[in-house]
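This text opens with one protein chain seen in two forms, each one given by itself as structure tokens under the names structure 1 and structure 2.
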Structure 1
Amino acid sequence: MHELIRDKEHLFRLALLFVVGIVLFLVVRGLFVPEGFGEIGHYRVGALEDNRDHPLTFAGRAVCADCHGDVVEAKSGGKHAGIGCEACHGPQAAHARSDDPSSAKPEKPDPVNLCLVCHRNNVAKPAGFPRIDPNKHNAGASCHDCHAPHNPGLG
């Protein structure tokens, strides 16, 4: 018992360190953790409102298909059937929302650069995925010279 009293200064300093640590934790938490965090799990309640405030930029496949059924038909059964229109043509919500879609007509993508985004020779691509070295494969020609963009078999 005598030793406990003798060490009381050390115990007091240790307890003081814990109290300072807890206070510091609460201050840092109050400063850096956003309001509403943790009310519905590990999320911030206001994040949903923040995301709703962002304007829509993508229209979605169904909206594209409403007007471009010929393209949907061309893609069906092809290697690009599972690829969304906006993956290549970019966000098209403005085009789809426009009263005159031809006024917000998207630019045609450059096939040489666009096709190589996916098909450039890269060892990280899965085996069997069509990959090319553009200098050996088409020597400066456009991919569209030999391939239909929506159903890229030779033809």
Structure 2
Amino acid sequence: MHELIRDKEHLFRLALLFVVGIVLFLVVRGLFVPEGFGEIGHYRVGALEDNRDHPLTFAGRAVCADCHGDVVEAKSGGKHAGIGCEACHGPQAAHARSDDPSSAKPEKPDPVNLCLVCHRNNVAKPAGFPRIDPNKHNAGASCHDCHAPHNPGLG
């Protein structure tokens, strides 16, 4: 009769259910949300590090110049001065980062086919880009007979 609310048990039970539900939600959330998620955005911070972890295949022209300064010298001022070494010689991280670079030597590029990768005739190439028809421009001869690959002008 003097009780403010009669039969309070059902309220306690309901409150208990709510508390259990919230605790369960927090536990499940803690288990499934990976570490670092949401720290700087809606993603896992460690994913940045994962993307950085990939190994290198191309060493970069600056590394080549450390040892092959003579080639950089030969290229300077020529038409091929701006071209990275690995554009023609292929990816060389294994060679550049090896303790014994002479063991992982790059293959010498094929002198005709390599030049034609860029210089073969094609109407879609920009105007002014030097291009040749390999059947008409000294067919059968090696490009290197007349053009030095690192500085290909005819002097």
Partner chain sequence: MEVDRREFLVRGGKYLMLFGGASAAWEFVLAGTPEKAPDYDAKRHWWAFFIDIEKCIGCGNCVRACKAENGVLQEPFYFRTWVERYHIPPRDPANPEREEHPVVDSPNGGYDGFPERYPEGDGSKNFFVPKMCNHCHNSPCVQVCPVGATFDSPDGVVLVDKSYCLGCRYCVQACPYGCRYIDPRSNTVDKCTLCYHRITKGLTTACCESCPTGARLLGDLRDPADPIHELLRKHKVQVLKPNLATGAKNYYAGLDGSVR
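Remember, predicted model here, so these are calculated numbers, not experimental data. Superpose the two forms; the largest set of C-alphas matching within 1.5 Å is the rigid core. All residue numbers here follow the sequence of structure 1, with the first residue given the number 1.
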Two copies of the same chain, shown separately. Which of them is the form predicted on its own? 1
Hinge check: of 100, 53, 31, 35, which sits where one rigid part gives way to the other between structures 1 and 2? 53
Whole-degree angle by which the smaller rigid part turns once the larger is superposed between structures 1 and 2: 47
Core-superposed CA shift of residue 12 between structures 1 and 2, in Å, is 38.1
